[in-house]
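The chain below stands alone and is given in structure tokens; this is the form predicted alone.
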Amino acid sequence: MFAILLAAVLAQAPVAPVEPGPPPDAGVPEAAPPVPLSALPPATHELFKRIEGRVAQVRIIERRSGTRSSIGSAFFVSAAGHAVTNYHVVSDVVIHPEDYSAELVLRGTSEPVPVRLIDVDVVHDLAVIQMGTPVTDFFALEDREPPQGARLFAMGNPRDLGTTIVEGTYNGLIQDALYERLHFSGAINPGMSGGPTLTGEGRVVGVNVATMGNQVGFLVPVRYARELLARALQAKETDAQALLATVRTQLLDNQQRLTERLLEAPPPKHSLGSYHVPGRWSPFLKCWGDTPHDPEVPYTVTNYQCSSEEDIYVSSNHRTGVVAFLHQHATSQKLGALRFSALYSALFAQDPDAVEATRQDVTNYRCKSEFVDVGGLPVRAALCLRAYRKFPGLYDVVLRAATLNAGTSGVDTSLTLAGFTADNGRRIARRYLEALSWTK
């Protein structure tokens, strides 16, 4: 009624004369045309109401106690009840299937539904699980990336508080990352792992995987979820041994890719005192340096280290897929050769930072030490390997080396490779040693 009266009043109102505006070339910018209402994203509550049933909580159940040991999120991607989550959410089921099982808690229900693990992508931290019953509502996986700055919505079950939706912004691929991740400016909290991040139209563009806090979140690009789902839809019955074999194959393929990438060219030389050492070998390595200053110490040790900032999650106690190295340049004008030798030996005896693993995951290191000549530079070197128990053919490889050409200076260096074959580890270590030289 109000609209009818308003129209009548406007129809009777006198029309004010139109003032002539500036000519077209007067430099006054024209206002942008209004955005059609149909082009605007829906209100967050409208989107949530429409798709909330497509997201579920994943519970990992410890069989002996009969209760949950961890939680995460998942989202349905097929009418047959397939759902995508993170590998790290269900890793206990892969590594210890005799001790753990998985179940889903659907929104609006309290009775959990058992699920089976169909396929995994350990390198990109993804898994596909499936219920025994079909679903009527599921997500479409987007086939293209959104534009930079696009408004996105992350969903999941943070800290067991129920299904949550979080608004954020798409900021593209992380530059120079070893394993592809998308940067999402929004709060992805513990328990949201494995949940979807989607557009206002409800199409998934990424899978929640990690956070650094302060509205810095990370997503797995959706194309990897599409590839995994395509395999899962064709998969036959999979047992625990088959899943372990799948993880092993993926880790072997990944280390081969890294080996080829590192051996494409020799490492660049970086100056450290009177030596050249391997520098930033690949863009995925981040490098840092430091020299502690203590006037009471009669020697100087300058550190230069490079490492990949990402790794592969195998289990809660085991990481792999790491490349890292550390150089320590020691020198002294105050210590004599004998005292400096004792200091230098102590540096060489230090263990490098080990990649996380337990005795259930890996064997003890076995080392071989020898004196080698690197382009006329005498070097003491030790190569150490420890084998993966569940994934035959994979090792953590550590090279320790120290130059022996000077009485009161030298470079102690270590290279750490996690999850490589013995042959590839030796090839990379050999190329690494070849980059050592003395500049005097």
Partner chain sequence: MDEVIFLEVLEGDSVQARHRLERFPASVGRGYSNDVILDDPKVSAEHLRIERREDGALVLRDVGSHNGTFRVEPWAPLAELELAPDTRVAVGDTVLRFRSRNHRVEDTVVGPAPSAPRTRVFERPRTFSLALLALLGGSLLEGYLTNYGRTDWGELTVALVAPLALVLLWAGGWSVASRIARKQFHYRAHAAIGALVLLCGLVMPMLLTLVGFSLGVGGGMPLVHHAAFLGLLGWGLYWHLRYVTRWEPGRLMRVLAAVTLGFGAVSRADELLGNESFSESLDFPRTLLPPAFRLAGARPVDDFLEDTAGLQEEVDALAKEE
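Residue numbers count along the first chain shown, from 1. Bear in mind the structure is a predicted one, so any value in this text is a computation, not a measurement.
What comes next is about the form predicted in complex with its partner chain, which does not appear here.
Only one of 185, 341, 291, 109 comes within 4.5 Å of its partner chain in the predicted bound form through a heavy atom, and that residue is 341. With the partner omitted from this view, the residue of 369, 215, 169, 256 that lies near its partner chain in the predicted bound form is 369 [heavy atom within 4.5 Å]. Using a 4.5 Å cut-off to its partner chain in the predicted bound form, each of 349, 363 and 400 places a heavy atom inside that distance. In summary, the region of this chain contacting its partner chain in the predicted bound form, judged by heavy atoms within 4.5 Å and restricted to 175 to 183, 354 to 362, 204 to 212, 117 to 125, corresponds to 354 to 362. Interface residue remark: residue 69 is not counted as part of the site for its partner chain in the predicted bound form, having no heavy atom within 4.5 Å. A residue is said to contact a partner when one of its heavy atoms sits within 4.5 Å of a partner heavy atom; residue 55 fails this definition for its partner chain in the predicted bound form, lying far away. Residue contact with its partner chain in the predicted bound form: residue 335 places a heavy atom within 4.5 Å of it. In the predicted bound form, at least one heavy atom of residue 380 sits within 4.5 Å of its partner chain. Of all the residues from 76 to 115, none has a non-hydrogen atom no more than 4.5 Å from its partner chain in the predicted bound form.
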